[in-house]
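Just the one chain here, the form predicted on its own, laid out as structure tokens.
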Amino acid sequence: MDSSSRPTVYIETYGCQMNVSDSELMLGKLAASGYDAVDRPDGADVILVNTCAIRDHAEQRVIGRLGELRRFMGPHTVVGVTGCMAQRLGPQLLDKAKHVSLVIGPDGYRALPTLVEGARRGERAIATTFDLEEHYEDFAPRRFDRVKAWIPVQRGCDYKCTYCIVPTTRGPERSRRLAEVVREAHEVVADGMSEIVLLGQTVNSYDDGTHDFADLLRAVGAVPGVRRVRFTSPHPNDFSDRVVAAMAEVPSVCEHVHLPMQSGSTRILKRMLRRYTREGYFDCVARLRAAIPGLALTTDVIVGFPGETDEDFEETLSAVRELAFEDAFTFKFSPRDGTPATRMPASETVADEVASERLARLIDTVRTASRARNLRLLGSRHEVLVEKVARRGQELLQTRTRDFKTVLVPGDESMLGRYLTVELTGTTGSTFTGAVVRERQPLPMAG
């Protein structure tokens, strides 16, 4: 069939990097089945909304968006909901949104072309069965990013934190074979990309039965042409000495770790079932920083968890100050149906106004410290990778340092994917502006 008669698919993605990676897999699968990807829903034959279920706000946003998408539908348009929200709500979504034909969880994408074809004939379908063997190894992802590649190495989670819906929406933890990850890394380099981000719900607990995460870091870091290796999100309990040594010894592993803390209070951490104490988290940070000079740390923090007292919150604030995070993603606790936290006594619920005040204080603490550190960096020079055009008409590029700082520099689209040395010239408190000193030459290819 010629390209003008090929059906089109539009995918809208919400949530984490794993969802972005899953959308790339879905696009690749549908492209292999004769669909063309489009970047707008107008007139698309298939509209898929790939969803997140971490917080209630994210789900409400998707419900609203599904209503908005009705105006883009033609008489034969297929609308589907995929991802974690689809897994969590299943048939409820078909009841809530009558124009939705498909509800497909994270393990159901192999059947996507068949289900879409059925929906185009008027059939409605749900595919939310877990498949503990599914890693989509034979899929060829259609990547959105041309500079860095998201590579999932693990699906699901076994930790079962009391606030978290992920074990329900993505199932038990299972890891890809190391050889398959390395194969994909070679393909990424052949496609012109030099930065790889390894993805997993607790990525550093990776274990394919023969190899651990330390082996994986060394193997991916040894692929010729890979200049930067990142990973997200690790768990503080899974930084073994072997993993820390691999991070320190593999030159391409970047000097940045996003290390979710969630609370600085041991009492609250226990209620969250995080399986480490405040002291254990501090020890993990100390080991990482001792092994990797200049390591930048970012984190996640939840305020207003059931039972959190003023004293507990003060412990979180003091931890944020003492550990000097570069940045933090901060949230008010959001109860999710089906998680143990929703069964805690109502008397322990933290009032919304109290949680909001705590969140504001936390954000101010993070930003104040970050701004002070960033001001001290002005005049220093760093290697950056040009990631994307920052703003239309501004002739600015967004670049990233190895330790994950964002630097805006002048330039145009032809510079995407290049490595530059820049001098930091200004800061907004969170991002930097920079002047290009020189272009970095590619490293010699091994092998």
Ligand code: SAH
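Just count from 1 along the sequence shown to find any residue number. Everything numeric in this text was worked out from a predicted model, so none of it was measured.
Unshown form predicted in complex with the ligand; subsequent notes refer to it.
With the partner omitted here, the stretch from 368-376, 89-97, 161-169, 178-186 that lies within 4.5 Å of the ligand by heavy atoms in the predicted bound form is 161-169. A residue is said to contact a partner when one of its heavy atoms sits within 4.5 Å of a partner heavy atom; residue 260 meets this definition for the ligand in the predicted bound form. Interface residue remark: residue 333 is counted as part of the site for the ligand in the predicted bound form, having a heavy atom within 4.5 Å. Residue 252 falls outside the set of residues with a heavy atom inside 4.5 Å of the ligand in the predicted bound form. Residue 274 belongs to the set of residues with a heavy atom inside 4.5 Å of the ligand in the predicted bound form.
Every residue of the trio 55, 201 and 233 has some heavy atom no more than 4.5 Å from the ligand in the predicted bound form. Between the options 300, 208, 283, 131, the residue in contact with the ligand in the predicted bound form by a heavy atom within 4.5 angstroms is 300.
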